[in-house]
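In the block that follows, a single chain appears as structure tokens, in the form predicted on its own.
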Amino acid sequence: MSANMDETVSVGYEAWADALRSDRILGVSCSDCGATYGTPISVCHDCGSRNLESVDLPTEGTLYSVTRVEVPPTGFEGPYHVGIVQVGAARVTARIETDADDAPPEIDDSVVFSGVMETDDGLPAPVFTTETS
């Protein structure tokens, strides 16, 4: 196994999931082109390089996109919001929580990483909460 493949393993899913459980958001940055991602990858989507390294992403960001799930899948209670959060140069898909049902989250709202939810299978997902002014 080459050094680059060893490095790829260190930024894989388990490292990303462990970071979430430790209140960190782990991203991946391409050492060749500088692209940054908010989820584990093994090949840069921009240039195809495997020369990747893990980076800590900010825990504050803005909502890039958001939707309300009215009919949740089995095992989830709804309705709830899911969004894409811009954190630094990366985007992270996350559950979005608000303080009040009468103020749903909107695109460009400021959000902060507030924890992790886990499925019955133990798979973590980041949770962001809208910041109230």
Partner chain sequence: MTRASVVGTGMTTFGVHESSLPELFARAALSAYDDAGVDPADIDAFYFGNAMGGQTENDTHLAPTLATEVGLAGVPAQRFEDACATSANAFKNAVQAVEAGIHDTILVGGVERCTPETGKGTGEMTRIFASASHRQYEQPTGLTFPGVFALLTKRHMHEYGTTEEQLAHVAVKNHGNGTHNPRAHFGSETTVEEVLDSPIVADPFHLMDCCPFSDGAAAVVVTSDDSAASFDGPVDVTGVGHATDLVPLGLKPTLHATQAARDAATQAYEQAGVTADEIDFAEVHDCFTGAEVLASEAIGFFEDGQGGPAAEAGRTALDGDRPINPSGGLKAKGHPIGATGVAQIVELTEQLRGEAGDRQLDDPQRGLAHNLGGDAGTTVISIMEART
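No experiment lies behind these values; they were computed from the predicted model shown. Numbering follows the first chain given and starts at 1.
If you look for the form predicted in complex with its partner chain, you will not find it shown, but the lines that follow are about it.
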Which residue among Glu53, Asp56, Glu70, Asp99 has a heavy atom within 4.5 angstroms of its partner chain in the predicted bound form? Glu70
Does any part of Ser22 reach within 4.5 Å of its partner chain in the predicted bound form? Heavy atoms only, please. no
4.5 angstroms heavy atom contact with its partner chain in the predicted bound form for Ala103: no
Contact between Ile84 and its partner chain in the predicted bound form at 4.5 Å, heavy atoms? yes
Residue-level contact is defined here as any heavy atom of the residue lying within 4.5 Å of its partner chain in the predicted bound form; does Thr93 satisfy this criterion? yes
Pick out the residues of 20-51 whose heavy atoms come within 4.5 Å of its partner chain in the predicted bound form. Tyr37, Gly38, Thr39, Pro40, Ile41, His45
